[in-house]
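One chain is shown next in structure tokens, namely the form predicted on its own.
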Amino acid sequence: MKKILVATQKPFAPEAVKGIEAVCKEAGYEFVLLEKYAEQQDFVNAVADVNAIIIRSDKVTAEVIEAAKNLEVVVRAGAGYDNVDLDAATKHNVVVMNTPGQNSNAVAELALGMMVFMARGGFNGKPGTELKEKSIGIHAYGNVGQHVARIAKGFGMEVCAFDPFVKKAEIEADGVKALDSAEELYKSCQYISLHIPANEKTKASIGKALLGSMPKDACLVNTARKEVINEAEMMELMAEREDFTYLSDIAPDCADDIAAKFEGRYFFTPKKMGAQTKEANVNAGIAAIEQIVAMFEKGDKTFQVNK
């Protein structure tokens, strides 16, 4: 019997857990739940005899993989997977998958919600501005970016996008203006919605050169990863430009400095909130267990990321 561990320091919604357990039982698998664990060692201790692990933001380190002698697959319920040691997984013949698209609408709604919040001055009772007819640039036109475009068009915004991995014709088929470079995107748009992954090429890649080229009353919205921002350069820019605001779905390392120096020009969620909806929880959790069943029963590795 296959043993499936759901290890979530930040738990799934109860409905998602019930759904995952139901799929496990139907497949004849044993279901084990580890929630709100206090220490990483608790996670390490729980994996000794499991065949599959479902996680959210939990860290699947080399130590976890080495402790899981029977492990065959790890599924990150969400799009990003930088919390999994891919090299260690590959070394131990462990398949790593994500569940792309399942959290996308939730993240996109958060991005636009933060834009409205900032445009209206944090609902402080004073006059604000509207999103209608403002320009928004979507940096990376994947699942989340496409939902941002759909919602932004509903607000009446002028929508542009840049993604070197997506054909311009595909972007423009959605009624979005496809631009040729990140430089052109940032120069053209008052709002930037950032969706690039964190990897060796992108870490600290969003800095003063790009951000400083944005038009007056510029606003950067980051629902990707904090590591892609060059924080030192962004701090310099915020000191030089009183019109620049920064919104992020995870507090940067320099959050205290920003709070001390730039009151009213930032908003950071208290913890990563993009996927924190009941619907996204259920969608990603069920997708994760269904992918595990498909791999064990049919050899389906469609969403493997460590090929």
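Keep in mind that this is a model prediction, so the values were computed, not measured. For every residue, the number given is its place in the sequence shown, counted from 1.
Absent from the display: the form predicted together with a small molecule. The rest refers to it.
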The one residue among 77, 192, 229, 161 placing a heavy atom within 4.5 Å of the small molecule in the predicted bound form is 77
Of the options 61, 40, 269, 57, which one has a non-hydrogen atom that comes within 4.5 Å of the small molecule in the predicted bound form? 57
Spell out, yes or no, whether the shortest heavy atom distance between residue 52 and the small molecule in the predicted bound form is within 4.5 Å. no
Report whether the minimum heavy atom distance between residue 18 and the small molecule in the predicted bound form is within 4.5 Å. no
Determine whether any heavy atom of residue 147 comes within 4.5 Å of a heavy atom of the small molecule in the predicted bound form, and answer yes or no. no
Using a 4.5 Å heavy atom cut-off, state whether residue 225 contacts the small molecule in the predicted bound form. yes
Heavy atoms within 4.5 Å of the small molecule in the predicted bound form: which stretch among 256-264, 41-49, 271-279, 64-72? 271-279
